[in-house]
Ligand code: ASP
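Coming up is one lone chain in structure tokens, specifically the form predicted alone.
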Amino acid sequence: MTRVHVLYTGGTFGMTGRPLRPMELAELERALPKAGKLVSGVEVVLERFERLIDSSSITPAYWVNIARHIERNYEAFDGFVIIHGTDTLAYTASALAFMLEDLRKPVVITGSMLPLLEEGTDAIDNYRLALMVAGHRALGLPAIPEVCVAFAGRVLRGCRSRKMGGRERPFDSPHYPPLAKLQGETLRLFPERLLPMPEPGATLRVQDRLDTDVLDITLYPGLRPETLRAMLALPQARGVVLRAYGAGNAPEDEAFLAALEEAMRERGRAVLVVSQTPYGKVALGHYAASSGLLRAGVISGADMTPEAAITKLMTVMAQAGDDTARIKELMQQNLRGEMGGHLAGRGFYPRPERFFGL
């Protein structure tokens, strides 16, 4: 038997009643089909969060709890499934990707757009897909050694995933192809797209320190330089994710750029620029409208999702402390396949950098 640990955190997947409320664990166990009927040869151990929550209430402390939960059970199971609400699912997937180093076993996050007991639900299909990935040994498949999202017949890299909404493709990976997908009843894996297995002898390490002094700022027409300066002066803004337009474009206003430069020079802020468009990619200097940011010395987030940018900054800042140069260096490195391009149309990354414990 292949053993899979399932952690139920709450969310739409297990909601029932009017108004909707999360099922208790016993209710969920009765409602779910037996794992062996969904995926032959898979045995499930199901546990729940101490407090079941809507995913809109998720905080970094919950990410730490999930990571520690995986660490405690790591040796006893072949894979892990986390049932999670969809609103912040991509944030949790990204955070766990950076928090779990030298991961050899799949950690699969799933949920549903409709509750398990509702007609037309997608919960069972998503759960079965997650069990197929986590219970890979029962299918004779290699392990996906990373955090991933299983939804609507596709398996996405966790730190590349974004919630898009809609029933057909509720989650997408704008800049990286799926790691696996269902073809009929068969799970097709794309080994060339996976992160490499850790070096022999490497064991799981968990980064359970996060620096949450990260501010997420979205540019919009009419954002005043004095408003930006006030936000950047907040003590809780040690790290900043700036969601710019298109390819990293921003106002060419001198007062706006001066506010950024002042925050970085005088307050030591780390400012990372990502695109606010779902399929955008930052290319500072490509347009004149982004040249000012380039001169100001911001960090390019390339094609990182905002979810990955925020959670990566939290983990990197916790590691690097007040060393802004080190933060900038790490934020521009590919750590978990969260950034970078494709080679000849195929997903390709070199071995990600190691940065925990350095």
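Start at 1 and count along the sequence shown; that's the residue number. Only a predicted model underlies this, so the values are computations on that prediction, with no experimental measurement involved.
Absent from the display: the form predicted in complex with this ligand. The rest refers to it.
In the predicted bound form, residue 87 touching this ligand (heavy atom, 4.5 Å)
Yes - in the predicted bound form, heavy atoms of residue 87 and this ligand come within 4.5 Å of each other.
4.5 Å heavy atom contact, residue 23 to this ligand in the predicted bound form
Judged by the heavy-atom cut-off of 4.5 Å, residue 23 is well away from this ligand in the predicted bound form.
So in the predicted bound form, does any heavy atom of residue 337 sit within 4.5 Å of this ligand?
Judged by the heavy-atom cut-off of 4.5 Å, residue 337 is well away from this ligand in the predicted bound form.
Does residue 275 reach this ligand in the predicted bound form if we count a contact as any heavy atom within 4.5 Å?
Heavy-atom contact with this ligand at 4.5 Å: absent for residue 275.
Would you kindly say which of 324, 55, 65, 300 lies with a heavy atom within 4.5 Å of this ligand in the predicted bound form?
Looking at 324, 55, 65, 300 one by one, just 55 meets the 4.5 Å heavy-atom criterion.
Note which of 112, 173, 249, 92 lies within 4.5 Å of this ligand in the predicted bound form, where distance is taken over heavy atoms; exactly one does.
For this set of options, the contacting one is 112.
Looking at 283-291, 258-266, 229-237, 78-86, which one sits within 4.5 Å of this ligand in the predicted bound form if you count heavy atoms only?
Going by heavy atoms within 4.5 Å, the stretch is 78-86.
Are there residues in 1-34 with a heavy atom within 4.5 Å of this ligand in the predicted bound form, and which are they, in order?
Contacting residues: 11, 12, 15.
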